[in-house]
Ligand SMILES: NC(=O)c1ccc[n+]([C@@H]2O[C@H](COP(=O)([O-])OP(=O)(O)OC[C@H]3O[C@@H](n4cnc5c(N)ncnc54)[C@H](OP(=O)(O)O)[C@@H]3O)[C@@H](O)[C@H]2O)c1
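As structure tokens, one chain now follows by itself in the form predicted on its own.
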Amino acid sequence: MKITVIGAGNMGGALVKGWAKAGLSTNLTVTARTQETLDRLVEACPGITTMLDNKQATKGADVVLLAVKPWLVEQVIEEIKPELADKLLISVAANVRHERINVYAMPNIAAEFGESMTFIEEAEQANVAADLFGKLGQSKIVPQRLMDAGMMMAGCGIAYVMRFLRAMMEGGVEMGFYPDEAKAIAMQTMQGAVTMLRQTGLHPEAAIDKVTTPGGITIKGLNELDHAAFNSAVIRCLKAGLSNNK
């Protein structure tokens, strides 16, 4: 399957690097606005094909993926429209719908490392897209009404997880660790928690019970989170970007 990625910014670049690591380099053609951007991408992903001409890059592709800014989607579609016959057009531009787009998907930047959580809107060819994004982590097909929620939990959610890790780091520094030490501790703790839940299937609350001794220090910290309305803050954070709240 020949794939053309139009746009090599943060998201487009992450997708290309992830697919290259998955062994698809020779199947990838990528475009960007500058040769400098393409040169950096070729250095990171030997074997890919790069072009500055979107229309030319679309020729011969089976799948064309739009990874441009939302306000550029319509312009790019008009530019490449003559070459789109019999091609699957996928867009990862947030909250942009167009009659010519076959599949709308929302990955996150962890795609570069094969750890994206990608949401794909229900469509006739959604399964093809799910297989493609499945090479970059996990993918899930959902109805349109859940796409914004998926974007907030995974697309934007990766930033919220980073913010929590940063807060743990700052707390570690205040308690006496150097920043790099605090970062390593916070990351390993997060990784350990995720691994435990994946391998045991436990509900997070059941896992919390395993480390919460009556009268102990863990419950004191958990209660401080409750006093600060931690759960409510996270839920409000996730709901802040939903379309019906705008």
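Note that residue numbering follows the sequence shown and begins at 1. Computed from a prediction, not measured in an experiment: that's the story for all the values here.
Unshown form predicted together with the named molecule; subsequent notes refer to it.
A residue is said to contact a partner when one of its heavy atoms sits within 4.5 Å of a partner heavy atom; Gly12 meets this definition for the named molecule in the predicted bound form. Contact check for Val76: a heavy atom falls within 4.5 Å of the named molecule in the predicted bound form.
Proximity of Thr58 to the named molecule in the predicted bound form: non-hydrogen atoms within 4.5 Å are absent; the residue sits far from the partner. Interface membership of Ala93, defined by any non-hydrogen atom within 4.5 Å of the named molecule in the predicted bound form, is confirmed. The candidate stretches are 216-224, 177-185, 62-70, 194-202, and the one lying within 4.5 Å of the named molecule in the predicted bound form by heavy atoms is 62-70. Only one of Val103, Ala111, Leu132, Met106 lies close to the named molecule in the predicted bound form, with a heavy atom inside 4.5 Å, and it is Met106. Every member of the trio Ala8, Thr34 and Asn54 reaches the named molecule in the predicted bound form with some non-hydrogen atom inside 4.5 Å.
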